[in-house]
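The data below hold one chain only, encoded as structure tokens and taken in the form predicted alone.
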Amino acid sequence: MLGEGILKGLAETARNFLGSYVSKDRLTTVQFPEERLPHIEAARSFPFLVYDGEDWQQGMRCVSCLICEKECPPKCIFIEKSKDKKPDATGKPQFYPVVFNIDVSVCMSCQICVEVCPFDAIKMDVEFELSTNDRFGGLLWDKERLAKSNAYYGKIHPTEAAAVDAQLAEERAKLEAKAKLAAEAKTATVATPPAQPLRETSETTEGSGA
């Protein structure tokens, strides 16, 4: 019938329009900020730095390898590497960033820094209410503002964080087992005295001389 497609389209539009008043599944308008939708796990806004434990400086995973700075397309990451090392969460001495800044006015939330990081030290946040009246200092985030705990990471990206935690726990277990074997080998070496060379007695010497 001529115009059948138009009638079907109008019927679908009318169904959606009327259904938006009675069906919660069709309610697309949220009265923000009084009403808020839950954060979607796959959402991303700007990067943050993950740290383990309670101390953000001691537990920061970043070892200042500079890969994210080099791979960042808009070049919004600036890192200054330390001259010395400090123990990380596993107790292994690592370099750390003396300065780690991200200019979020330039960042395009591409997530490349997250994908290239070999230490799972930088992840994408889901927070979007970031307006500020300071167009310069307020948009240049230092490492203190960027630092967020692993518990926070697990809250906003639970599936991804669980996989990362399992991988890091496996790596820590391997390091601990390796350190334990080294300690046991060292203890065994100390406990076993070296063999003393045999000394020829005077009788053996006289007998051989005869």
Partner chain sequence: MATTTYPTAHITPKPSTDGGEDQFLEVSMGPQHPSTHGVFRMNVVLDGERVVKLKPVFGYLHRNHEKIAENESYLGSMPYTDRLDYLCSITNNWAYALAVEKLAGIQVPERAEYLRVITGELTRLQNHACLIGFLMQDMGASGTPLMYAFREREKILDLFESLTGARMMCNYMRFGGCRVDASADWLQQAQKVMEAFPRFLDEYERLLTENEILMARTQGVGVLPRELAVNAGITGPMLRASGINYDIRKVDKYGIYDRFAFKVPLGEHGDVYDRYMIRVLEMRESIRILQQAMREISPGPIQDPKTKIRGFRPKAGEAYGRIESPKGELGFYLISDGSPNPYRYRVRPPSLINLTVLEEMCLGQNVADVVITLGSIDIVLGEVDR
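Positions refer to the first chain, counted from 1. Everything numeric here is computed off the predicted structure, so don't read it as measured data.
Keep in mind the form predicted together with its partner chain is missing from the figure; the text below concerns it.
Q: Name the stretch, out of 41 to 49, 173 to 181, 146 to 154, 54 to 62, where some heavy atom lies within 4.5 Å of its partner chain in the predicted complex.
A: Contact criterion met by 41 to 49 only.
Q: Within a 4.5 Å heavy atom cut-off, is Cys72 in contact with its partner chain in the predicted complex?
A: Yes, contact at 4.5 Å.
Q: Verify the contact flag for Gln167: yes if a non-hydrogen atom of it lies within 4.5 Å of a non-hydrogen atom of its partner chain in the predicted complex, no if not.
A: Contact with its partner chain, no.
Q: Classify Thr187 as contacting or not contacting its partner chain in the predicted complex by the rule of any non-hydrogen atom within 4.5 angstroms, answering yes or no.
A: No, no contact at 4.5 Å.
Q: I'd like to check something about Thr28: if you look in the predicted complex, is any of its heavy atoms closer than or equal to 4.5 Å to a heavy atom of its partner chain?
A: Heavy-atom contact with its partner chain at 4.5 Å: present for Thr28.
Q: Which residues in 102 to 129 have a heavy atom within 4.5 Å of its partner chain in the predicted complex?
A: Those in contact are Met108, Cys110, Gln111, Ile112, Glu115, Val116.
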